[in-house]
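For reference, the chain that follows is the form predicted alone, supplied as C-alpha cells.
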C-alpha cells in the first residue's frame, strides 16, 4: 500500500516521565531495534541530565536505564549517538560538549570538549564517526576530530553566521556539514582543500541566485533540518511557520568532490500556526514535524500531482493536534523495522508513538 493512498492512525504507545524540566532533544541509538537488539534512545533536558531509555524485550515497555548527571552544570540542549552506537555526545548551555561511553551498561564521561564562548545548541556525528560538529550561541560551528583514547582535536572553527546557530547536521553519506541559524539561513560547509580547509560553499537564505538556481529561503529563524534516506533531499523548518524541501543532484555532487548546489524545490505551509521546532525524515519518506502549537504533523510526497506542476508537492498524511500539553521540541523516527516516533516536550515528558495503518 502506497503511503499517500493509505489511512493511518497515530497510536500513543507510552508516556515517559522522569525529567524534572523541559525535554529539549532526543536521539535513537542507530544500532538498536534490529537483530533482536532492544531499542535504546537518549533524552536531554533543562534539568541538566541525560536519560537513557530502553525497551524491554519481554514486556515491550520502556524503562529508564541510566541517568547521566553531575557533569553538565546547565541545560543539556542536544544529544547524538555515534554511528557505532558506542559514544554519546551531549551539548550544554554550560558551553561544553561531553562524550559518554557505554562501558558494560554504565555510561562514563570520557571527554569534555571546551572552546565555545556560550551555550552549545547542537551536536552531530558524521557518517563514519570520525568527526563531530558542534554549534553555539556564539555564532560559530566547530569541527572536532576523534583521536585515539577518546581524545578530540578541534580541526576547524567555522564563522559565517551572524546570529545564534540552532542546529548542525552532517549529510548522511558525504562529509558535508549543514548549519541553520537565527539569521534565517542554512549554510553548507565543505573541506575544499582536503586538509581541514573548511569553507562555506553555499548559503540557503533570502532569495538569491546560486549557480543558476533561484534559492528561496526562510524569512525567520531556521530551527532544524533533516535529510531523506538517500541524501538527495533535505527538509528545513522555521519560525516562519513553513517547511521547505531542498534538492541536490547527487551524481553531480559525487563527481564534484562531494559538493553540488542545493536548490529550493517546494514550501509546505498552512499546517502549523506557531514556530516549527523540529522536523525528521523517515526511511519511508514520511516527514514528521513538531511545533509550539503542541502538535505533530506528518507529510508525504503527493505523487498524483498535476503534471503541469514543476517539482514535488507534499500533502498532509495525518495530524495529532494535542500531542503534548506544551511545545513539541523534538520529533525523531526510530531505526529498525518498526514505524516508531519519539517526541519530547516542554511539558517534561517523552512520548513513544506508532504510526500504523487503519485496518478496514
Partner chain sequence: MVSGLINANPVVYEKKERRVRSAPSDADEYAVESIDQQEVFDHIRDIKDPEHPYSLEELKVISEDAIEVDDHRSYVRVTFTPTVEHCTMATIIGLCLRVKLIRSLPSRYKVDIRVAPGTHSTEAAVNKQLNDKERVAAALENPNLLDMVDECLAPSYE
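Everything quoted here is computed from the prediction, not taken from an experiment. Positions refer to the first chain, counted from 1.
The discussion below concerns the form predicted together with the partner chain, not included here.
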{"item": "One stretch from 226-234, 150-158, 270-278, 124-132 that, in the model of the complex, holds residues within 4.5 Å of the partner chain by heavy atom", "value": "270-278"}
{"item": "Site check 164, 294 and 326: each within 4.5 Å of the partner chain in the model of the complex by heavy atom", "value": "yes"}
{"item": "The partner chain contact in the model of the complex: residue 74, any heavy atom under 4.5 Å", "value": "yes"}
{"item": "4.5 Å heavy atom contact, residue 137 to the partner chain in the model of the complex", "value": "yes"}
{"item": "is_contact(residue 82, the partner chain) in the model of the complex, heavy atom dist at most 4.5 Å", "value": "no"}
{"item": "The partner chain contact in the model of the complex: residue 119, any heavy atom under 4.5 Å", "value": "yes"}
{"item": "Among the candidates 242, 102, 221, 169, the residue which, in the model of the complex, approaches the partner chain to within 4.5 Å (heavy atoms)", "value": "221"}
{"item": "Answer option from 216, 282, 184, 96, heavy atom within 4.5 Å of the partner chain in the model of the complex", "value": "184"}
